[in-house]
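Next up: a single chain in structure tokens, the form predicted on its own.
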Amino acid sequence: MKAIVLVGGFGTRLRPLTLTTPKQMLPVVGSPMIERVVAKLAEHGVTDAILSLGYRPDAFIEAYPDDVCAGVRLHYAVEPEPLDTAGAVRFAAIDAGIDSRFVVVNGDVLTDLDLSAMWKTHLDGGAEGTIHLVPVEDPSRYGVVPFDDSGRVQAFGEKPRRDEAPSRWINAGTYVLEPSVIDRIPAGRKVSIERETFPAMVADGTLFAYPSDVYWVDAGTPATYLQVQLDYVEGRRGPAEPAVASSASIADDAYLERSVIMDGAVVEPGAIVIGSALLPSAVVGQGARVSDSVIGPHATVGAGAQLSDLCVIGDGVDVEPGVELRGVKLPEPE
């Protein structure tokens, strides 16, 4: 089984963390996000993952020099220019020589989807394409997908107003596709799978839904990126993982609560860290307080500083001692 993993985006929602690191290479409790995504695919029989790359492809290639990730063989398909979702799928499929049924996943989605069951449903229904759907309270941020009793998708709408959404079921970013879908995607330009390819399949009656109310998080925003860290250490995704890395240094009188402290991170005397994630080699200085925030790798929160309300501190940034920041991103977006 082959899977195309879409990892080519710029990760703008997660800046400044992604100014130096592609989103899917950011750590989730110590393991790169891409490894967690690929490991889940491997559980369901995926043997080959084609990484559809665009932004900073070197980061992936250097991280896996033997072309293996989580036991899965890797193929790198590096786009010469951004081609949007369907364009990226077409480019990766042709580059890797895909000529049979395949899976597509978004590289920033962490889910407990039963991909094996979805694959079987796709086969049994004779679909050209099957898409995973999950229910959400507010569908206005997503592609809403109404479907009939047979599972056939009736429409494919992008980000409707909350009070006008025809369904609570949204596109969850995992697809099982027949190779004929590749032929539907024009070459040589940007093509959106959500705005062009899927609506055309709906019109032909060949797109089906696989609704499943399972754990699902789009980890592409600071809030959701922080959420998935806590989900892993609080046991929402199987056995709870250690919240504090063995190589981290925590002062005896520091206070930690519901936080993830990664490799080489330091929490100095009297510091308080609540509901936050400290990425590798981050430092929280003496008497500082960090709550509901993400401190990037090699960043330093100065002594006595107070950060709250989802501050995001980028790679190597020094926060001045004693300052009080709420919801701030450093460096600030241009």
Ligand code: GDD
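All residue numbers refer to positions in the sequence shown, first residue = 1. What you are looking at is a predicted structure, and each value in this text was computed from that prediction instead of being measured.
Absent from the display: the form predicted together with the ligand. The rest refers to it.
task: Answer with one of 178, 263, 241, 194: the residue that has a non-hydrogen atom within 4.5 Å of the ligand in the predicted bound form.
output: Looking at 178, 263, 241, 194 one by one, just 194 meets the 4.5 Å heavy-atom criterion.
- prompt: Within 4.5 Å of the ligand in the predicted bound form, heavy atoms considered, which of 231, 95, 84, 114?
  reply: Contact residue from the list: 84.
- prompt: Does the 4.5 Å heavy atom contact test between residue 128 and the ligand in the predicted bound form come out positive?
  reply: Residue 128: no contact with the ligand in the predicted bound form.
- prompt: Within a 4.5 Å heavy atom cut-off, is residue 109 in contact with the ligand in the predicted bound form?
  reply: Output for residue 109 is yes: heavy atoms within 4.5 Å of the ligand.
query: Do residue 119 and the ligand share at least one heavy atom pair within 4.5 Å in the predicted bound form?
result: Residue-level check for residue 119: no, no contact with the ligand.
message: Quick check on residue 170: any heavy atom within 4.5 Å of the ligand in the predicted bound form?
response: Residue 170: contacts the ligand in the predicted bound form.
- request: Choose one stretch from 282 to 290, 65 to 73, 45 to 53, 298 to 306: the one whose residues place a heavy atom within 4.5 angstroms of the ligand in the predicted bound form.
  value: The contacting stretch is 45 to 53.
message: Checking a candidate spot here: are 23, 88 and 156 all in contact with the ligand in the predicted bound form (at least one heavy atom each within 4.5 Å)?
response: Each of the three qualifies.
field: Sequence-ordered list of residues in 7 to 21 near the ligand in the predicted bound form, where near means a heavy atom within 4.5 Å
entry: Heavy-atom contacts to the ligand in the predicted bound form: 7, 8, 9, 13.
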